[in-house]
Every structure is written in structure tokens, then in C-alpha cells.
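Here you get one chain, nothing else, as C-alpha cells; it is the form predicted on its own.
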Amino acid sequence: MSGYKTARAVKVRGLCMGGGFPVTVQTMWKDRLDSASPEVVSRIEGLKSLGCDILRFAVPDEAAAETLGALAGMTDMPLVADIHFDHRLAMRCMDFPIAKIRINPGNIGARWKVEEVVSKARDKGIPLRIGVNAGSLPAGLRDDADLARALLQAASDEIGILEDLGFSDILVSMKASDPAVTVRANRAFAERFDYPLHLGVTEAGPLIAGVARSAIAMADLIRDGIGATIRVSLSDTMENEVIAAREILGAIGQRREGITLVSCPRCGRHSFDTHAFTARWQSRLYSMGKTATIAVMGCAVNGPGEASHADLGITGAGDWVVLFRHGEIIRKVKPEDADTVFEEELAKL
């Protein structure tokens, strides 16, 4: 961590980011927000139960701003307005209990527009995130051969404007689709500034590629003490973005609460379909609010022995399915009864 500044704390509704507080997890709503309905609130609550701490929404027009504003009054999840091109949308969103406004230096427009946003954000006590993306840099930086340097310069220029206006409730993100560029830009930032960083690899890709690229960048940075909040940007569901972020933090020792789910990859020895069972139970397990290790194994070779650390495990054993706890077999049932019995034992944890 030598050479990197300790991030100051910035309050985002009920969350504190930076200042030594735990790294938070966020995702972004995948579809147009057409209504502030009970169904939307229910899905937000589902994301929260999976471990999502903050949720961002695109605001492309005034109708979206109005809908997001209404939604912000229906949930205690901190909601963020993502603004591009039209600063008036940021102004409208701040009439509601929005937790944070994201602006893009590459397209927010003239300085006077930023000044209006800053003035209202100060009055409302709403922090601003300077969100710099490699694909939408300010015009004067788009031809810079050093992309990490260009990202840092864009962030630095916008910080300069906000600081000139006496505004310091700032968070910053600098994202590229190349993990190495993302790491270099964020490390260089942390050497110069103490504003909390939102980490992410933009346009990271589909599930497997996106998780791999994000994990490489985030693990390196967080181990260096860099990063206050993370988003794993996937061409996949919001739920999988949250789960992936949780797993990245857990793997580097940053977030230990909640279920740890381990499962074998399956091979020709299996007598229990671990893939199907895991798919059926994954979301429910991650949403449980318990701290425990659950093992889903395929055969006797990697059952109670290899997963002896598990608080609850299930594995195939010939024509039977065996449930075990800390390596000790507790029940032996027919495959058709596996889900029912697993649920019973899960309730005992």
C-alpha cells in the first residue's frame, strides 16, 4: 500500500465509502425503467438479499428521471442516477432522494452545466461520481496513445473544476475494457488523490470472460488498498453481477459474511447432477443471510472427505444421495427426495 493515499470517506445515503469502511457491491439496472412498481421494488429487495449495496439506473430522459425519483422513495436501497449528455436530467433527479449522481466528463458539456449540477448537489447533500470511460473520453484526450494516462487526466480535469467550486463529496471511476489499463489508471490516481474509487472493467464481456477480467483488475487493486466500491459489468443478469462481486471480495478476504458455496466440476464418476442442483439452489443460498459453507459434490471421491469443512454438504453415493455435516454423514436418501431433505437440513443451520 506504500505510496497510495488512504481514501477519505464519502457518505452515499446510508453508506460510507472509503475511509476504511468495507468495500461495497453494486450493479446497474439492465432495462429501461418504465414504472416504479411493486415488482421493481421486489427485485431490488432480491438484489439486496444477494449482497447488493447500491443500485444504478440509466436516466436517458425526463420520464426516466421522474420514475427513478418515485422509486427512490419506495426503497432504502441507495439509488444512483447515471447521467450522460443532458445535465438537466441530473438537476431533476436531485429533486428526489437520490443517493448519488454519476456524470461523464466526456459528454456532460460546458463548465456552466457542471456548475449548476454542483450547486444543487451541494444544497441537497448529494455526492457526485466522476465516471470516466475509455470509450467516451473528452475530445482532447481521445487520441492519447497512453489510455491509462488519458483516463487519469480526464478525472483530474473534472476534479479540478469541482474543487474550484468548493465541492469535495466526490467519488471517481476510471474504466477500460483492458484490465491492465484499468489497474494502471487507478493506481496512478491513488498516488495523487484521496477520493474514493469505484472499481470496474467496462464492457467486460459475457459471464465467464467478464468475471475473469474483472477479478484480475479488482483483486490487484483491492489488495493494494485501492477501491471503495465495485461493479462487475457483465453481459448477464444483475444477480450474477452481484454474486460475482461478492465472490471476488470473498476470495481476497474482504467480505466473509454470507454463504460460501463450493461444488465439484463433475466427471464420469458422478452419480448426482451437481450442475442442476447448484443452478436450482444458488440464488436462494446466496440470499439466506447466514454465514456458512455449503458443498455440492458429485460422488463418494469428493464428498464428505474433500468437503469435510462444510457446514452442510450433499453428494451422490451410488444409487443414493448423502447429506453430511463437517464430514459426518447425517442422512441417506433417494435422489428424488434430495431437494426436500436438503431444505430440511438447511433450516437447521
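Note that residue numbering begins at 1 and tracks the sequence as displayed. Remember, it's a predicted structure, so these values are computed and weren't measured experimentally.
Form predicted in complex with a further copy of the same chain: not shown, discussed below.
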### Query
Is every one of Arg129, Arg192 and His326 within 4.5 Å of a further copy of the same chain in the model of the complex, counting heavy atoms?
no
### Task
Can you check 154 to 162, 217 to 225, 71 to 79, 103 to 111 and let me know which stretch has heavy atoms within 4.5 Å of a further copy of the same chain in the model of the complex?
217 to 225
### Contact residue in the model of the complex, from Ala150, Ile243, Met91, Ile170 (heavy atom within 4.5 Å of a further copy of the same chain)
Ile243
## Note on the structure
Contact with a further copy of the same chain in the model of the complex, heavy atom within 4.5 Å, among Met297, Ala65, Ala310, Ile54 goes to Met297
#### Entry: Any non-hydrogen atom of Pro60 within 4.5 angstroms of a further copy of the same chain in the model of the complex
yes
#### Entry: Proximity of Gly205 to a further copy of the same chain in the model of the complex, heavy atoms at 4.5 Å
yes
### Message
When the contact criterion is heavy atoms within 4.5 Å, does Ala99 count as touching a further copy of the same chain in the model of the complex?
### Response
no
### Message
Is it the case that Met174, even though its partner is missing from this view, gets within 4.5 Å of a further copy of the same chain in the model of the complex, heavy atoms only?
### Response
no
### Contacts with a further copy of the same chain in the model of the complex, stretch 24 to 46 (heavy atom within 4.5 Å)
Met28, Trp29, Lys30, Asp31, Arg32
